[in-house]
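First comes one chain, alone, set out as structure tokens in the form predicted on its own.
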């Protein structure tokens, strides 16, 4: 299997994928790019790289680069995905794929024209405990699911040091809740209606945040199954021994499981097995390589290697979540945002129809 060559755009959040590519036998890191010259030099020194640029067009013009990893501020994702597709590159884009649906149709058209993959880097799917939980689900240990509960709570006030976040570009509904919403859609892809409440806390407002930073939602599927999504981002979370910062709970007819993030912890209660807790802390050096647990390069390595295997296999293999699935997840979050505004249930179908995206129902 030939190595794929990767270019990385955005070197703050892109730090983890740089490590992932350098440690993968399936990838070769070709070039890194950022508008911040000091950050380019810092990453080049940190990872002993000999090629960096401040010009995106220079990286896109390199015919030897197969794929671009996009880790720029959320409001720029749509523009950068489009530019990469127009240059004939595969795209790996960090979550959220986009933070509104205005450009969704043009992105679908650009991908069709380019005939390249667009993969959403929903890293939580590729974390050890979530991988183990998914394997148990696919093995049928839960039986028929009737509830999925996912949450992500963190004191992310530090993020408001970024100028684009303080200027109103940051919406935690998209930037934070995209993790648990994606986990819910992994198991319940047919979310049809959402209802939620949220608020902008004094902690967030004091730092210039303009959108809600504490939110709780109920989501319903076509056949009446229910899910819960929660997130709070401007206050200290409970200690790890009490609560993991990110959790996915599956409840089914045969049993239940809980996958915890950061703590590398997985707990199950399946019929005939009793209660079991798995400690995967020995994998921490692979997943968390620098910066405490703020950068989780192991997940990135898992997902870029999954992407590479899909590309090598060819059709019909498509790395998931793909562009269509990612857009529908954004539509779910758009419905959630509208519910916060109206204090009423909102259907995902109505959001897709308004944006001429009805063809994506079921994606």
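Keep in mind the model is a prediction, meaning the values are calculated, not measured. Positions refer to the first chain, counted from 1.
The following text describes the form predicted in complex with a small molecule, which does not appear among the structures shown.
Only one segment in the set 285-293, 187-195, 213-221, 115-123 has residues whose heavy atoms sit within 4.5 Å of the small molecule in the predicted bound form; it is 115-123.
Contact check for 34, 95 and 300: all three have a heavy atom within 4.5 Å of the small molecule in the predicted bound form.
When you look in the predicted bound form, the only residue of 159, 146, 137, 270 with a non-hydrogen atom within 4.5 Å of the small molecule is 159. Of the candidates 199, 108, 131, 76, 76 is the one whose heavy atoms come within 4.5 Å of the small molecule in the predicted bound form; the others do not. In the predicted bound form, the small molecule sits within 4.5 Å of a heavy atom belonging to residue 72. Although the partner is absent here, residue 141 is not a contact residue: none of its heavy atoms lies within 4.5 angstroms of the small molecule in the predicted bound form.
Contact between residue 11 and the small molecule in the predicted bound form is found at the 4.5 Å heavy atom cutoff.
Mapping the unseen interface onto this chain, residue 90 falls outside it, with no heavy atom inside 4.5 Å of the small molecule in the predicted bound form.
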